[in-house]
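First, one chain by itself: the form predicted alone, in structure tokens.
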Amino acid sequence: MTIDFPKRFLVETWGCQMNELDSQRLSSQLMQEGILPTSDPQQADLILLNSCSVREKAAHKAYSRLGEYRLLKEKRPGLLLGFCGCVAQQEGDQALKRVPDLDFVIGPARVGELRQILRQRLVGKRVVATGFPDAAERNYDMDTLSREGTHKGMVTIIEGCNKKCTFCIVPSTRGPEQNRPLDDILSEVRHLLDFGFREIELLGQTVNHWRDPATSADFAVLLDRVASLDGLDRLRFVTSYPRDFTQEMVDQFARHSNICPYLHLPVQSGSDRVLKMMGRGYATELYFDLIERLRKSRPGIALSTDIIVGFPGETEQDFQLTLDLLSRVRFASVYAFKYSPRPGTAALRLNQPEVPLEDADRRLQTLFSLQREIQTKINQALVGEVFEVLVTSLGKSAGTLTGRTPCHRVIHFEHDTATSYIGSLIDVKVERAYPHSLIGSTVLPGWPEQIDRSRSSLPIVS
């Protein structure tokens, strides 16, 4: 059976920044074949669903979405449908059995093989490409990657994860750690800066566990080298593991003002007992000590975190310790979720009582309520402050723009949108504050004697 060569493609992405970058890699390969992107499924000859399996509901939603695309394929038999990402890696051959109209399956470590897989499908083969080839066998194709926008460039420095967190499926869907060489990373960042990118975000499941394969240089060395490159306005990185943060890494926040005053540092629970059952490898005292050192190095740094409520065996006392942690640390934002059992994870074998769904729901809402109060107070303390904002998009209202502060807060502000300011750095004064965003106004020339562009700190709110 021969299938017509597709002319248009659509990639739908769910999940983390790693998935976003994988989708950009998928897109670049298709565009090199002369296949053009579209945002309209009705126009697409090839649809790729890049899935996330961190939570059970996400996997169910991925299959539901594939079912919707199957209905579209019934009307257009020539439509090709590819299943990518972590759920694809997890399901493998089962995905082809579960979705008979599915054309191919690609795991995250095999993203660079899309063109070869597509050619096999065009001559009638249904392909499952999963597993984890060695780093030398992986094709990154970074020089031709189809970046979204021209202001923020994401750069993978480490793939996979060697941690043994009992709730996490990532090691089985992303595989063991694979570190990219320091010189390759620096070369990619320079390439992005040469093309005018203002902000670089270094990516990895445990980004601060990166080591150079040749020299064993650690993440502190990498931060220092990248932050020192000419033309780099902003440097971010995600996701960090608390236990892997050395003092040398902390010191980089003080050494380089272009390392953004923001850090995502997942804690998962405020209970040492639960952290031990989670296999996190640290206690809350280590986490509190790290927060103190980070805030000493970069006063006012904005911190965000991940929290799981309702982990098997979590008691009301354990949950109260998590609330106590929120009150003590005062995060700028929190991503919290109910525990979701994932296949093959050790949490399923802990022999701990399940937390009733109604209790988990109540705990999650209690946590959100407390965090909303904290965020509101923190953001309100920013009113009157001036930030150098990186414009990311047009606002939803006419005559407005949307951007990110160095501390990663979303800010909306009025501005002349007749000119494209996307990718520009604009001084914006915070006028109003809400729990999840700020409202500001452009600072006109002449104000700036009050603006310190080298500022590396934010107000500390108790």
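All residue numbers are counted from 1 along the displayed sequence. Every value quoted in this text rests on a predicted model; they were computed, and no experiment measured them.
There is also a form predicted in complex with a small molecule; it is not shown, and the following applies to it.
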Contact segment among 296-304, 383-391, 266-274, 124-132, judged by heavy atoms lying within 4.5 Å of the small molecule in the model of the complex: 266-274
Of Ser340, Ser333, Thr156, Asn379, the one that lies within 4.5 Å of the small molecule in the model of the complex (heavy atoms): Ser340
In the model of the complex, the residue from Gln205, Gln178, Gln375, Thr284 that sits within 4.5 Å of the small molecule by heavy atoms: Gln205
Arg55 within 4.5 Å of the small molecule in the model of the complex, heavy atoms: yes
Contact label in the model of the complex: Val11 to the small molecule, heavy atom within 4.5 Å: no
Interface membership of Phe245, the small molecule in the model of the complex, 4.5 Å heavy atom rule: no
Thr239: touches the small molecule in the model of the complex, heavy atom cutoff 4.5 angstroms: yes
